[in-house]
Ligand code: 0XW
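First, one chain by itself in structure tokens, the form predicted alone.
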């Protein structure tokens, strides 16, 4: 099997509601880049990356340039066994991991289709059915956030990510956490997420103010050291996100004692190949994992779900149906949430075939 053609599509994804995050950041309409690898056998592999520029050093406009540079490596190459080809990709172009994540996803899709197997069978087999979901709550008025939590809980959600820091008012963030915590069941998981936007001082103030509640904190500050200091001050569990992007950063966060849980995201790690290795390291370190991506629709959602499905339930914190937060859907038949959980399908590959009418014309093609 050889790759004979590459197509790249741009699909604007619009959130059902604007997401307000720390430091004045918002997420409303974001371009998702969808990659199509075509082979001489007729089998196609699909990848997707939807970078949020203010979240990571990545942007949608950079994907086409990276694919252009890497097209000479990809065209004519055998896609089966992604890690061998990704080694050549990394040797040809250093960095640009967000663009590489779409390539790696498409290669894994091709490999699983060539084996006529669902992707999770190549990643560890079926270990976690009915993947638990969390619901992300935009940073607005505390009472409105509590109402959003109640609505999500009524649909079966039991884990709630509370966005913080949109107005740079730490007392208001305390009110947000308390409002959501008191609005849902005592057994629910509630955690406050600053997306690196808090100072160590303000995050410590918030942590100490809610230390008597069953609450977890997520990535309050820009460095692992500061996050560890916040945890040591308030004693609350800590989830790492932005600072966890390779095996070295995972080891560092574990050594600092602030990685009770961690978000593993495809575009941070540069694709499924590296994220699978990160998953295995977290199994060894004992950290609970949220296996997902930064943003996106059906392809990236399904790919992350396959890795989560192949991970022991004891180490799964949750996953996210990113495609449920945005429109349009790329594949109307892709998995959807039900009663707070979601399942992969058993189609070969990651199981998502985008509708060409939704994708529109390619922004660039290589042959």
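Numbering follows the first chain given and starts at 1. All of these numbers come straight from a predicted model, not from anything done at the bench.
Omitted from view is the form predicted together with this ligand, to which the following refers.
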| item | value |
| --- | --- |
| Contact at 19, 52 and 161 by this ligand in the predicted complex, all three, heavy atom at most 4.5 Å | yes |
| Answer range among 108 to 116, 175 to 183, 193 to 201, 280 to 288 for contact with this ligand, defined in the predicted complex as heavy atoms within 4.5 Å | 193 to 201 |
| Residue contact check: residue 226 to this ligand in the predicted complex, 4.5 Å heavy atom | no |
| Interface membership of residue 138, this ligand in the predicted complex, 4.5 Å heavy atom rule | no |
| Residue contact check: residue 269 to this ligand in the predicted complex, 4.5 Å heavy atom | no |
| Residue 307 within 4.5 Å of this ligand in the predicted complex, heavy atoms | no |
| Heavy atom within 4.5 Å of this ligand in the predicted complex - residue from 320, 330, 63, 34 | 320 |
| Members of 294 to 312 lying within 4.5 angstroms of this ligand, judged by heavy atom, in the predicted complex | 294, 295 |
